[in-house]
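What follows is one chain in structure tokens, specifically the form predicted alone.
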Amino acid sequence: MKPTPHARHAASRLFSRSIVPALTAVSALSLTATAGVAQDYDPTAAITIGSLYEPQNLDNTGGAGQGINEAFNGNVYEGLFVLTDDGDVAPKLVSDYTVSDDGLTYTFTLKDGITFHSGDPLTAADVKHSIERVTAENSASSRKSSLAIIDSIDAPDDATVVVTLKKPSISLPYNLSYVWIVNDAATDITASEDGTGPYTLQEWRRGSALAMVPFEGYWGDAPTNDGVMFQYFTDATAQNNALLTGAVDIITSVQSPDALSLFTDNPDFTVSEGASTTKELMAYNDRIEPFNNPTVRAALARAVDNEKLLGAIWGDYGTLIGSFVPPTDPWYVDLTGVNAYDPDSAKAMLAEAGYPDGFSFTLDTPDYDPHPIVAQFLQNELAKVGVDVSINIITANEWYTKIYKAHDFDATLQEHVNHRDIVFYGNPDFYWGYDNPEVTQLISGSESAATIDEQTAMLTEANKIIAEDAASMWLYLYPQIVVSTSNVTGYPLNGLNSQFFAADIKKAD
């Protein structure tokens, strides 16, 4: 173990700056500046980013929510590998790695000269510690089950990490892109940090903002701005108004199509649409009646007009999906025709399943947009086939405790942002409790595939079975719409896994 992290040396001057002047400076910027080419940007400009997703804490193994990925992935913390905005897996903190002939041993060589924000050098012991944080019994990481195939982790020297697997895992580099490499001397990162990324945490004001400033000792290319602030809002209207008035420079993901008309025909703003991985779904507790019956689940899917719902929420934006797999995943196939809208068929299937007069259940619904509106739509649709839905509005914290941890629910609404997350349906212990042995075997077995093509074929088959089982009700794929002032460029468009790389964002003079 390293000694307790010491003072931040050269970075201490940056931490002395106040979060408030940064906001004031950004608010005063003109919105009429035209987007500049690279040599015209102002490297001393701070960037303010509007977001609806404040972290619950600062530890992505502690149920922090998608906001922590948005703010910290690739900005404050880095992994051995990185999932790029284009969906590729690329080496980050490793200079090289090898795989044994039997696929059971991965040997990683770390890059030289990388230090944590505390000044401590990156070593193999930190990598071992970081992976074990994700796989620990008390970890709430969504990738915990994906890394359960690890048998042991060794650090034979400071630059070498040897990971031995229980069975081959073709996705190990991909899964390791989710693992933040944390200083092994950092005992609690729920309200602090010690990463290797291009930014250090300056200040986190709960309920308000999170500010980061460039790390002067960063091993890679320095950021093209002088700091980033995530300003948090509780509703989309307030967020949109902040962009209109200059209080923020970028909105990471527009949550209402009605707002787009404010920006699309205005030369002061740039509207861009990327590829989304965010799925809106109604997840059943598949462990309990009647949701343990695939016929009931299929009937409910046929009772809801998803096209009408998508239009009501997003207008001409967004995409209908027939499963949990978005088009950006290699195993995507169009399954929108499976259990498509057919209310007459829904009634017949409910009768077949023993519910000719329907049934009732409670839908636990997060209190932020668009979930309450979606819940009301589902309530109205399902009432037409005799199913009575009671809506219970809960906070994000309550959702995590009640739904994710305790599995104490009938059904719930949630958006899932992760890339390639079909693996959750292969884990019977996941919060929705879907348990199909054939699917579990296909998903588990795909990790031992000899080739990417073989893996893709197995997961495509699993995707089809999950859709036919109507394991959940997949409502639509969110659009990924980023809006910025026209003098700001260089931000990511796709936001895979809700990450938002900030180091290349530029603001013109």
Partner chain sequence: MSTPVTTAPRRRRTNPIHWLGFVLVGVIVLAGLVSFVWTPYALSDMAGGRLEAPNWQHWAGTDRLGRDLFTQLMIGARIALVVGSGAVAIGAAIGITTGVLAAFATRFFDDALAALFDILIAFPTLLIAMLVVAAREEASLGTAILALGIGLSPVVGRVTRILTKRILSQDYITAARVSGTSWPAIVFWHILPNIAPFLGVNLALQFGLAVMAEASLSYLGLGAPPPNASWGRMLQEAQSTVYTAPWGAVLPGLALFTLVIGVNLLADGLRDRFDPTQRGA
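Numbering follows the first chain given and starts at 1. Keep in mind that what you see is a predicted model, and the values were worked out from it rather than measured.
The same protein also has a form predicted together with its partner chain, omitted here; what follows describes it.
query: Taking heavy atoms only, is Phe377 within 4.5 angstroms of its partner chain in the predicted bound form?
result: Phe377: contacts its partner chain in the predicted bound form.
message: Considering non-hydrogen atoms and a 4.5 Å limit, does its partner chain approach Asp120 in the predicted bound form?
response: Asp120: no, not in contact with its partner chain in the predicted bound form.
query: Is the gap between Arg206 and its partner chain in the predicted bound form 4.5 Å or less for some heavy atom pair?
result: No.
message: Can you tell me if Asp369 lies within 4.5 angstroms of its partner chain in the predicted bound form, counting non-hydrogen atoms only?
response: Asp369 belongs to the contact set for its partner chain.
- prompt: Exactly one stretch in 386-394, 342-350, 95-103, 171-179 has heavy atoms within 4.5 Å of its partner chain in the predicted bound form; which is it?
  reply: Result of the contact check: 386-394.
field: Candidate spot Thr237, Ala312 and Ile373, all three touching its partner chain in the predicted bound form (heavy atom, 4.5 Å)
entry: Judged in the predicted bound form, Thr237, Ala312 and Ile373 all sit within 4.5 Å of its partner chain.
query: Which residue, Thr187, Ser261, Ser360, Ser152, has a heavy atom that falls within 4.5 Å of its partner chain in the predicted bound form?
result: Flagged contact: Ser261.
task: Quick one: from Thr224, Gln414, Thr278, Ser256, grab the residue that has a heavy atom within 4.5 Å of its partner chain in the predicted bound form.
output: Going through each option in turn, the one that passes is Ser256.
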